[in-house]
Structures are given as structure tokens and as C-alpha cells.
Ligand SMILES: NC(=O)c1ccc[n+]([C@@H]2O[C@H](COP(=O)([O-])OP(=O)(O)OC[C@H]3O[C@@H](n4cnc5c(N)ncnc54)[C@H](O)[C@@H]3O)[C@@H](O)[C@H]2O)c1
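Single chain ahead, written as C-alpha cells, the form predicted alone.
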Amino acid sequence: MRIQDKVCLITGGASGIGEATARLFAKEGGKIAVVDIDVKGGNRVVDELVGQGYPAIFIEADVADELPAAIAVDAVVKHFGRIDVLFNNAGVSAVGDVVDCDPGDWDRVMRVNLRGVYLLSHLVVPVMRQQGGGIIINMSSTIAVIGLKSRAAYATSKGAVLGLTRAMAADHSQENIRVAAVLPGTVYTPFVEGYLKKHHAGHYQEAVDNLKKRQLNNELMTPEDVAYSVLFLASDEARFALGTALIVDGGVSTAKVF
């Protein structure tokens, strides 16, 4: 029970890494607040957790929209009384280099991936100050460190999240607010599965196998693999992880297999 009785606000918790983290946090003693625009998915996750006896609520909100985000944070505080862990996980992607990525897609990625992290942190830090501390974990990506072809907007947004993480750690560590980031590699989420089936319909398995070749162990990460890394950062075991960029990418950023 590594996060016993900690109130955990998870954005993008209706699927993928967010869902896996919500389930793991609940099993480890956390009280879960899922915030997402996916009402059906969010209610499904929370209903299953509540059905298993875990305290959990779902709140519909666009994390990059100031008023709904503020209402969501207020709802979590009213329901649970505090926020101990904020996992800024919600994110979107776009394909293309700086020429191919149109301004609308660029703005959408920056709005969710960067503004969403800023806005939820902007709203939750005062709550954590008042209660005497807390933990904020931001979702970056190993792409922020190594780059990736045709992912200009996504790589930029995740690099900015990493910079924001370090700035927040410098600003708020003395207030007992610990800030860190997790940097996964390729994770086989429903989003990735859908993308591969759409763009590689005729050779789906080949596309999956090519992704596996990026990893030193020739395996694709699961959402649960990332969730365990987030759990570590949320636990007291990570009390010296201040501004830390925890890379969990199957070795993609460490070495290349030829």
C-alpha cells in the first residue's frame, strides 16, 4: 500500500496509461479522481473501481479549458478534502514535420500537452500549498530527449513539459511539493493500436514488429509498465526525485541495435 489514503488526480485516466495508473493506484491504497473528456471511458473505469470497493470519482473536463479544469479541481477537493498526487497524463499527438503539420494540429497538441499540464498545476499547487505539500508527476516522453521523425509538434510539446517540470521543481520544492516527470518510449496503448490499424492496415503486424525492434529487449511497453514507474514517483520511496526525468523506454534512448 505505497500510496495509502493519498488522493490522486489523474488526467486522461479513461484509457491507456491513465487507466492503468488509476487501477494500480487504487490497489496501492489511493483515492482516485479521473479527469477526462471521454465520459464513457471515464465512467467505465470509475464504475469498475467502485465496484471493487475502491474510492473513485469521474469528472468530465478538458484540461486545457480554464473553467472546466477549475471546476474539476474544486470538485476533487470538495469530495476528498485534498489532492496529494497530480498526474498530468492527458495528451494528444500529431504526425508530420514542421512543413506537414498544419497550424491547427500544432496548436491542438500544444494546447493539451503543454497548456493542460500548466493549467492543472496552476490550479493544484495552491491546494498543495495549503495542505502542506504534494506530488506532481508530468507525462513527458523519451522523444523529448532523442527526437523522432515526423513528430515535430509532439516532440516539442514533450520537451516543453520536461522544461516546465524542472522549473516547477525549482520553484516549489521548498514548499514540500515534489515535481518529477516520466519519459516513456513507445507504449502499446489503444491510441497506438488505432493509429497502426489506420495507417498500416495492410501490414499491421509488420508495423508492430518494427516498433518492437526499437527496444533493446524487442518488446513493446504496456500501459501497466509505465504505471509502475508513476507509482514509484508518487510513493515516499521517491522523496529525493526532485525535478527528476525518469526514462522508461526499453533502452531506446540508451543504445541502438543494428
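Values in this document were obtained by computation on a predicted structure and should not be read as measured data. Heads up: residue numbers just count along the shown sequence, starting at 1.
The next section is about a form of this same protein that is not shown, the form predicted in complex with the ligand.
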Worksheet entry | Joint contact, V95, I247 and G250 to the ligand in the model of the complex, by non-hydrogen atom at 4.5 Å | no
Discussion item. Within 4.5 Å, heavy atoms only, which of A72, M128, V112, C101 is in contact with the ligand in the model of the complex?
Written reply: V112
Worksheet item: Since exactly one of A61, A26, L196, V46 fits, which has a heavy atom within 4.5 Å of the ligand in the model of the complex?
Response: A61
Worksheet item: Of these, 144-152, 129-137, 171-179, 82-90, which stretch puts a heavy atom within 4.5 angstroms of the ligand in the model of the complex?
Response: 82-90
Fill in: Partner contact for T156 in the model of the complex: the ligand, 4.5 angstroms, heavy atom
no
Discussion item. Taking the ligand as it sits in the model of the complex, is Y54 in contact with it (heavy atom to heavy atom, 4.5 Å or less)?
Written reply: no
Worksheet item: Does at least one non-hydrogen atom of V50 fall within 4.5 angstroms of the ligand in the model of the complex?
Response: no
Worksheet item: Does the 4.5 Å heavy atom contact test between V124 and the ligand in the model of the complex come out positive?
Response: no
Response to the item:
Those residues of 157-190 with a non-hydrogen atom no more than 4.5 Å from the ligand in the model of the complex are K158, P184, G185, T186, V187, T189, P190
